[in-house]
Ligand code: LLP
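Have a look below at one chain only, the form predicted on its own, in structure tokens format.
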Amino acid sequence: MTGFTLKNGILHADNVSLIDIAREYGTPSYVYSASVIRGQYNALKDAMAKALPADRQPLLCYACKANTNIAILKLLQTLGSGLEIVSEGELRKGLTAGFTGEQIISTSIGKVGPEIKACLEAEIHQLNIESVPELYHVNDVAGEMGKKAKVVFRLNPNVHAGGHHKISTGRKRDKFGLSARRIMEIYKIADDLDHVEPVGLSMHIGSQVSKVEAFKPAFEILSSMVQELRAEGHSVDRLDIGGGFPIRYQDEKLMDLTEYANWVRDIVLPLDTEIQMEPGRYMVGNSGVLLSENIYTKQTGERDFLVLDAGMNDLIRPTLYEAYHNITPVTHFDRPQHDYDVVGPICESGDTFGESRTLPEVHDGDLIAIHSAGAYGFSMASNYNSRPLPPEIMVDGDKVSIIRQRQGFSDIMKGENIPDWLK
């Protein structure tokens, strides 16, 4: 795995200088390293391979909401990944990238009719269900199509894990999943419906879960639930144990994948079910940077601001989650150190990537890299302030390809119309 490293004093993506990429494609731009994605996928796959028997390996379903670019989906598909989707658009992207229906699971909390229909037409592996109304909705759509949907019910184990409170999903007060009592009820309801087949349980306790010990109580609750359901005569053949593995934004402790795999071996494996996992951020987060240019430095006497050509419309995580992203220059690392607030040009005080960052002195026109931007960067980007979306570029060793063109102003206005009565 190569990733983002210094070579001859210049930051490279794999073997390609970010200076050359900026010269060719402009800024701001998202730049991804294919080697990092491969390395992340293989590290998790290898950890599971060492802990579990060959015939009990989990289906690693990439949670593609993290980054839905079709080229990234294709890369993961070639590695043997499955896909976890939360919308019809993600389904269609996955199919375009070459995933078969049997490799895809759907886990959104509010599936609409056309989305359910598209999933059933594609014959996806399963639909993960979060509520009784959703179960009835799936049953109705499947009935209209003359199909029977395989469904899995999401258990909320009331386990607090993850980083920012907005990405913790396994607490009782979160909108996700069902309590153990409701799981028992919904299984009985499903058994009486004609167009759904309950086949198991799912669980996802949050993102950026750095303490592997957080998974143990959740797995134990899941195990107890399986035994209770089977004691009542219900079939539990599949367990989707979620994801949540952390990446390094600053100085986070990375999770011990070997220890995690051992918990799966000790607690989940004896339940004798198919096992699925949903890593998302883990696969792609550290594979990307947002490459930007310092337009100029604004000095106020109190603070010095680096004003970049990238804005919060390109990367919203710092203002949405108070998220930390490492920020570095692309070159000139030997200059004297200086403190800056790093901001964008958006008309919002929240358009700030980092405060009081100590960097080598930055001059007008210097290139800046905002790191760990491969997950929830472009996928959450917008046209706020009527700014075009940046391009996405993939690097693989010495190879460079643009995998999404830079949006133009005409693209932003496409689909908008002035009514006749205003002309």
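For every residue, the number given is its place in the sequence shown, counted from 1. Predicted, not measured: the structure shown is a model, and the values here were computed from it.
What comes next is about the form predicted together with the ligand, which is not displayed.
Q: Is G288 one of the residues lying within 4.5 Å of the ligand in the model of the complex, judged by heavy atom distances?
A: Residue-level check for G288: no, no contact with the ligand.
Q: Though only this chain appears here, would R38 touch the ligand in the model of the complex if you measure heavy atom gaps against 4.5 Å?
A: So R38 does not count as contacting the ligand.
Q: Within 4.5 Å, heavy atoms only: does R281 come near the ligand in the model of the complex?
A: Yes, contact at 4.5 Å.
Q: Just checking whether Y30 would be counted as a contact of the ligand in the model of the complex - the rule being heavy atoms within 4.5 angstroms.
A: Flag for Y30 set to no.
Q: Within 4.5 Å, heavy atoms only, which of L367, M394, A63, I370 is in contact with the ligand in the model of the complex?
A: When the ligand is considered in the model of the complex, the option within 4.5 Å is A63.
Q: Note which of S292, N313, N156, S207 lies within 4.5 Å of the ligand in the model of the complex, where distance is taken over heavy atoms; exactly one does.
A: Checked against the cut-off, the match is S207.
Q: For the spot marked by G243, R317 and M380, is every residue within 4.5 Å of the ligand in the model of the complex through some heavy atom?
A: Checking in the model of the complex: G243, R317 and M380 are all within 4.5 Å of the ligand.
Q: From the candidate stretches 372-380, 30-38, 46-54, 355-363, select the single one in contact with the ligand in the model of the complex, where contact means a heavy atom within 4.5 Å.
A: Stretch with heavy atoms near the partner: 372-380.
Q: Using a 4.5 Å cut-off on heavy atoms, which residues of 390-405 contact the ligand in the model of the complex?
A: The stretch 390-405, when checked against the ligand in the model of the complex, contributes no residue at the 4.5 Å heavy-atom cut-off.
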